[in-house]
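In the block that follows, a single chain appears as structure tokens, in the form predicted alone.
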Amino acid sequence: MSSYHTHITDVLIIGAGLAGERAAIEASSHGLNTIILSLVPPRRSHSTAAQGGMQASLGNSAMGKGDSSDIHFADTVKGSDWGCEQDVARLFCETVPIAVRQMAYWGVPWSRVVAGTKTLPDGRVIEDTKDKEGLITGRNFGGTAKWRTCYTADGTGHTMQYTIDSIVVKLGITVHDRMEAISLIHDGEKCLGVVARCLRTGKLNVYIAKATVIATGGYGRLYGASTNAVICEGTGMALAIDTGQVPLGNMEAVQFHPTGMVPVWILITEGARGDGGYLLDKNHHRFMPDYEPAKKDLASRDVVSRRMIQHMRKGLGVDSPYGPYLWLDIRHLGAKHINTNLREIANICRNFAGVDPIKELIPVRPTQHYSMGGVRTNIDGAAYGLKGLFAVGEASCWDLHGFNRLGGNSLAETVVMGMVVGKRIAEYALGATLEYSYALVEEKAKQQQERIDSLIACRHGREDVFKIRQEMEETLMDYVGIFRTGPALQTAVDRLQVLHERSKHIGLRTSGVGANPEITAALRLPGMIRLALTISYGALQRTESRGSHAREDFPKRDDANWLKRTLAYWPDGAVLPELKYEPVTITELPPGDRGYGESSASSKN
């Protein structure tokens, strides 16, 4: 008799953040039975932590006048450093104004245009006209030609997630929270569902579905310092690459956000700089105009992060036990603005750093923030390599962001991709039949149970999961950061290969029974190290600089040789990923200069 419980559904979605829940709404609205699995209750998903806003070319605000999907498209492609799929970027930019208005209809309380004149921190006077009053407004964000980032103060992810989850509840969509997918079930051609482990009881469950969707978010917690929630460990990406069939795209493209608050690394939204805040060095000098006279503190995130590191390397950072940092100054915005439009970060500063941003400077340093890479999909969100498998949101490489994501484009991507890909998932599931081998399901469940039993019994050794994990985090922080070199990346690869071998010999100190965090960590860690190796090895092989991937030994973007996407596979028994490449889709905007940052003219290395 089977020791697991079996659930059969049309659509299975792994992850209850914005992308997963929006895709579930779309599938359910087509009459499909849909189940969502989540590590946490949906309203505790990391989407809730998003602060600044989502980009949409509405053109309602004074500084957004004349905006269009064409301008948004150009900003996105330049932001990606010509690493994105331009047909995907075009689809996204055309769809996002519809999505933001739908979110308003569902209940998101978007900040609105207030008619009248106001003086910006730089002295410019702008006027919002009466005919636009009450429409959804937009704030300034890095790398954009127009103000188009729609927001609800600085709690945009919170309001969007709660709104979307209310629709999930209204539609009666089934959510199994505290449930973690630990293995995909597939026959080499088609994905049939997952083996999952209940985080409350430790018991295994099997989910069989016509369509399976990975919506598990990013891998930020592979790094020792990250703005990501503790649940963001790349679990969905690891599930995909462990099939040996499904590749991960552009995993070397890791975004560092310029303003993680020292020393807790909680995000301080780009909206703080968009609203007029700026960076200062230890001498209280505003340095970004020295490097970027046009975009100043609002160049794209990869550029601002590099400029901050360069400035600190000159000895102009503030020394601390946590390493050097810089200051973010929003004091001049005034108490009313801070307590209204930036109230969440004001509370974060007070509660986690003992800093009152109305009167004091905020300590910040670039911190790992976002994964441009993920499960490689086509424009329909279908994963390469296995039929019936899809991916949405940060877990995917759709590929909207290329080698650098613009702020506000990821929150927008979650609901746009959920909407667009959700329809494709529904079409697939409506045309599919649920056929599977009972023996195959039994085999996959048995493999996972044996894996758990081996860890509990310490059959393969007594390595400490938490020590290995700490070494992995330190390796990525020290050798695979904002600036990269061949020798450093090779060191990372060598160290991670040793850690990967050690991870095969983990044994538990605890019983491993029930809601046990050690067994949870032990099951995740080998896959996390494989992701870390995929990031490091892909970065080592890419001998150019593009977007967030900055090689000091190859400082130029090399379109002649590297206008292509990395596809990383992990064959069974491999010690390193197998890297393949595919060309980037250029449909409208040929490679050129971004208009900010170091000149990115192609080299012919």
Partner chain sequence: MKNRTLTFSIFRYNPATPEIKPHMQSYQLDETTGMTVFVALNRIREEQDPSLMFDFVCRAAICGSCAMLINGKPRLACKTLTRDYGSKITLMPLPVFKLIGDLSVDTGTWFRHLSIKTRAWIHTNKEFDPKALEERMDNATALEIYEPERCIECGCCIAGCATANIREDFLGAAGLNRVARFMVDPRDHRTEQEYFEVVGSDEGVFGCYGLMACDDNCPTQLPLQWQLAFVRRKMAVAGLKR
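Note that the structure is predicted; figures quoted are calculated from it, not measured. Positions refer to the first chain, counted from 1.
Absent from the display: the form predicted in complex with the partner chain. The rest refers to it.
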Option touching the partner chain, based on a heavy atom within 4.5 Å in the predicted complex, out of D131, E435, E127, E189: D131
Among the candidates C458, M477, I379, V114, the residue which, in the predicted complex, approaches the partner chain to within 4.5 Å (heavy atoms): V114
Close approach of P555 to the partner chain in the predicted complex, 4.5 Å, heavy atom: no
Distance check, Q541 to the partner chain in the predicted complex, heavy atom within 4.5 Å: no
The partner chain contact in the predicted complex: D165, any heavy atom under 4.5 Å: yes
The partner chain contact at D302 in the predicted complex, heavy atom, 4.5 Å: no
Triple contact flag A104, G107 and N228 to the partner chain in the predicted complex, non-hydrogen atom at 4.5 angstroms: yes
Segment that reaches the partner chain in the predicted complex - one of 25-33, 64-72, 41-49, 574-582, heavy atoms within 4.5 Å: 41-49
Residues from 457-472 in contact with the partner chain (non-hydrogen atom within 4.5 Å) in the predicted complex: F466, R469
